[in-house]
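Shown here is one chain on its own, the form predicted on its own, set out as structure tokens.
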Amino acid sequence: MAEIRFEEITKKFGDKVILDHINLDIEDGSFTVMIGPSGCGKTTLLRIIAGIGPQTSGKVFLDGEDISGLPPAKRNVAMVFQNYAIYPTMTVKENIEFGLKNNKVPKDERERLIGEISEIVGIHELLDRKPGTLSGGQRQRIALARAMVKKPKVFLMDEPLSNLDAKLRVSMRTELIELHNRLKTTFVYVTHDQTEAMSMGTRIILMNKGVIQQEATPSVIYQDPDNLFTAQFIGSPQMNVLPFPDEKVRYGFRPEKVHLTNEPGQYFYTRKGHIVTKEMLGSETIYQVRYEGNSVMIKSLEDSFEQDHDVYIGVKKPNILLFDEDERRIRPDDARYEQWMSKL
């Protein structure tokens, strides 16, 4: 098992609060992704698990054991950094072996582990090479192998793909998913890239300003956001959010939930608008439509509407989300829901 639990974790730098009373359970065997804007506290939380940036107050538990005061080497976790932290003067094998030697692992066991792990991550033929002669993806695999030979309970990853080009990032995402499925170990992964988060994570922790905004599966985070921040942070293009006239309450709908027609359709929410821009992106087209002083983005599989033409937009009632003056979701079981919906 490798369950992580945070109890009232707070982190401050002087008077600045980086993490504000975090309470969180990370499930054993999950691929948990922490995401949020720069400075939201996600990397700080990861470093607290690793023990390399201790909390100001609160406790961290690993499998029920309080590890808050344990040094990093005693926590049975392994961290893969953004810059890989590979020793350039050592061979691939020496890089992987370094930690094992420090831990006094016998030579025969070291050889067995290196052989086993290098095969898993696909670098067996590179063991005698120096890191400087390898590609970014190969260096990433070295960092993974060095973490894996420790047989940790938890893998911690701090934006490990951010230095790779776009094509390589896609293939490495797939490799990490497959690796997690094979190892069945707890992964905690930090990124600012929502595509990485949504495609890789079994659980998503969305943070902002040191506070967890929502923790759920990728599907729930996207389809059923708790608040306005979550609704607008996840999704590309982001959710269209519009104000009720002269009110602080707002309503929103995803760009792909909007229907475009040449004539008014039988939809709960329908408006006549004007296409301002059109971007053809292969299998889908992004339209910007203006109406009644508002501007919305629409993602459509239809490429038949033209820029500068008038159109009708339509949205079904279940696809319209409401947010109160505190930016919290007004759900259908809330007494205020029908009251506000009737104003649309």
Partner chain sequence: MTTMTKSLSRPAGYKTPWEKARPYVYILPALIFLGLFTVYPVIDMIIRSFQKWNLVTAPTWVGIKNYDYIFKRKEFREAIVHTITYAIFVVGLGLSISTLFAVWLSKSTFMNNLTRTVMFMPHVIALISVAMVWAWIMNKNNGLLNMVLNFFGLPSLKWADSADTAMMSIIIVALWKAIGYNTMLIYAAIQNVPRELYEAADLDNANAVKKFFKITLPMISPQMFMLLITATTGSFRVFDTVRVMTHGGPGTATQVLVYYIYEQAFVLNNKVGYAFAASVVLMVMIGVLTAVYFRILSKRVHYQ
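Positions refer to the first chain, counted from 1. Model, not experiment: these values are computed from the prediction. In this text, rigid core is short for the largest set of C-alphas that superpose within 1.5 Å between two forms.
Quick note: we don't show the form predicted together with its partner chain, though the next part is all about it.
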note = Among Ala197, Ile142, Leu161, Val77, just one has a heavy atom within 4.5 Å of its partner chain in the predicted complex, namely Val77
key: Partner-contacting position among Leu70, Ile52, Met280, Val276 - heavy atom within 4.5 Å of its partner chain in the predicted complex   = Ile52
Candidate stretches 224-232, 183-191, 113-121, 100-108, one within 4.5 Å of its partner chain in the predicted complex by heavy atom = 100-108
request  = Could you confirm whether Ala85 comes within 4.5 Å of its partner chain in the predicted complex, counting heavy atoms only?
outcome  = yes
request  = Consider Thr89 of the chain shown here, and say whether it contacts its partner chain in the predicted complex, taking contact as heavy atoms within 4.5 Å.
outcome  = yes
request  = Mark Phe268 yes when one of its heavy atoms lies within 4.5 Å of a heavy atom of its partner chain in the predicted complex, and no otherwise.
outcome  = no
query = Would Arg47 count as a contact of its partner chain in the predicted complex, using a 4.5 angstroms cut-off between non-hydrogen atoms?
reply = yes
remark   = Restricting to 139-172, the residues within 4.5 Å of its partner chain in the predicted complex through any heavy atom are Arg146, Lys150
message = Does Gln238 shift between this form and the one not shown by 2 angstroms or more at the C-alpha, the core having been superposed?
response = no
query = Aligning on the rigid core, do we see the C-alpha of Met198 shift 2 angstroms or more between this form and the one not shown?
reply = no
key: Exceeds or equals 2 Å, Cα of Thr91 between this form and the one not shown, core fit   = yes
